[in-house]
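Below, in structure tokens: the form predicted alone, a single chain.
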């Protein structure tokens, strides 16, 4: 899976600008699906029609990543930025960014900011693309950029930008590869705009009208030095969500995933995430309500340019999903 993960994480695709990453994922899944669709908001739906007698299931992994957008360009060609998703200023300073047109830039910090003892706000940051004037600047207001980091592996640990949530996309792709038989009609949805407003999953779910839905996404960990206590660690298996800031996982879905993990002896963790959410928060609200849950990949340094996962957790997530989707 490493080659797939590297290809996905290194592809441009900030929230609302998913054309390139959608094309890459389409190339990966078109021979694995019975039908492909693109929703009006840009989510990619790969449908696998089962043998019958099962349920209509929506599997969601968002393909967008956090990024920044040019919001203002001054007379010297320096660019002010707006966030696309949850961008933290403390991880930005000195980072390189890449615009869709290939322009590279460096994020700098105002020298005359008011309180240098405080963590700077995003309004105190700017992007330097080497321009000498506003007219010379190759970037325009409204252009989007992503952080630049190459993928690397250190033993079982995999590190890249956009692990959130290209790793979830990789899990769905690999699940499609390994899933031989299923009684279910499964809609593998690579959703748009999760990082900004969850709209890709919500609108896709409305069109699919599934019997149940599962999001595959990342979650934080409690295993770093002096980190906030959390019962999730890297390398201890995928995490089955109990709740997060915006949803409580449906017990039917939660127990289905637990049973699948236990049948094939895959270690798993139970996840209670106090902040943040996933596509499952909106799929559960569609129409009359959809029983929804989430299978999470433990991830350190979420929403930074260098996010870390463990390869065994990723493999475990694939095995659990293949087992679950193979049974009624």
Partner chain sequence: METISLLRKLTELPGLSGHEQPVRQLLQELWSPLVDELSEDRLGSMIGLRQGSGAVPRPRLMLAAHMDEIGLRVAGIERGFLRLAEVGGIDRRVLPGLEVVVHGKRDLHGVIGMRPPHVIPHDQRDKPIPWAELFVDVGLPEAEVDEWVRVGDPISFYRQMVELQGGLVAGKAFDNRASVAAVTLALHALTRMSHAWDVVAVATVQEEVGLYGATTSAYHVAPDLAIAIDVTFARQAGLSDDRVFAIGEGPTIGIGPNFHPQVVEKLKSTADAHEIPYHVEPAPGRSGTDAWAIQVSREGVPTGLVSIPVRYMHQPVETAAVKDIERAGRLLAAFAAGLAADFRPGWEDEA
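As the structure is a computational prediction, the values presented were derived from the model and not from experiment. Positions refer to the first chain, counted from 1.
The form predicted in complex with its partner chain exists for this protein as well; it is not shown, and the discussion that follows is about that form.
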### Message
Would you classify residue 42 as touching its partner chain in the predicted bound form, given a 4.5 Å non-hydrogen atom cut-off?
### Response
yes
### Query
Quick one: does residue 56 come within 4.5 Å of its partner chain in the predicted bound form, counting heavy atoms only?
no
### Task
Tell me, yes or no, whether residue 82 is in contact with its partner chain in the predicted bound form, where a contact means a heavy atom of each within 4.5 Å.
yes
### Query
According to a 4.5 angstroms non-hydrogen atom cut-off, is residue 141 in contact with its partner chain in the predicted bound form?
yes
### Message
Which residue, 95, 182, 202, 236, is the contact with its partner chain in the predicted bound form, using a 4.5 Å heavy atom cutoff?
### Response
202
### Summary
Students should find that, of 302, 69, 290, 281, the residue having a non-hydrogen atom no more than 4.5 angstroms from its partner chain in the predicted bound form is 69
### Query
Any chance 123, 196 and 207 all have a heavy atom within 4.5 Å of its partner chain in the predicted bound form?
yes
### Summary
Only one of 133-141, 210-218, 172-180, 248-256 sits within 4.5 Å of its partner chain in the predicted bound form by heavy atom distance, namely 133-141
### Query
Even though the chain is shown alone, can you say which residues of 22-38 have a heavy atom within 4.5 Å of its partner chain in the predicted bound form?
22, 23, 26, 38
